[in-house]
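This document opens with one chain alone, in structure tokens, the form predicted alone.
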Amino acid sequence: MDKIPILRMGAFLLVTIQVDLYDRLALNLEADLVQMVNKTSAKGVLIDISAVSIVDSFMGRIIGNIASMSKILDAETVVVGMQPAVAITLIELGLPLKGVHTALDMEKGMKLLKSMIDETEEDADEDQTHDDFIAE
């Protein structure tokens, strides 16, 4: 059975989709990726779809599901390399992909993930400081 590799880069997971995703492969990717987020305590997921030229509503839902499940597990999701035709198709299908952040390429996607993680850590530090103040 085909599998899409999931690479760990520090606090992030990287997925590069190089093949057309048929339904079973997409479902396996969703399950494997969510398990890896949980197992590694990843703070971010970067999905490169630059080789994907066609999407359908099922694929769009899978990307949205990955982002939602990752968010519940405290990880942000960024999709990079989206072709214009893919973006148009997703919108025409009524799939705005709430919770999915996008960037033009991997470099910009990594910067976006890092900035989101830094903001989250700053917010957590502020919450802790506020809790310490109340406790005193």
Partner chain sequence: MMTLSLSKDTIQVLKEQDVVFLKNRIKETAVKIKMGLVNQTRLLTAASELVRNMMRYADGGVCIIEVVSSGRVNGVRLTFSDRGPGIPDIQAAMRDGFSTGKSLGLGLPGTKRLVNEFDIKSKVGQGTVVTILKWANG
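All values derive from a computational prediction rather than experimental measurement. Numbering follows the first chain given and starts at 1.
Heads up, the form predicted in complex with its partner chain isn't pictured, but that's what we're talking about next.
Across the proposed site, 24, 59 and 85 without exception bring a heavy atom within 4.5 Å of its partner chain in the predicted complex. Residue in contact with its partner chain in the predicted complex (any heavy atom within 4.5 Å), chosen from 38, 89, 68, 28: 89. This chain lacks the partner; the member of 42, 33, 46, 55 within 4.5 angstroms of its partner chain in the predicted complex by a non-hydrogen atom is 55.
Contact check for residue 106: no non-hydrogen atom falls within 4.5 Å of its partner chain in the predicted complex. Although the partner is absent here, residue 95 is a contact residue: one of its heavy atoms lies within 4.5 angstroms of its partner chain in the predicted complex.
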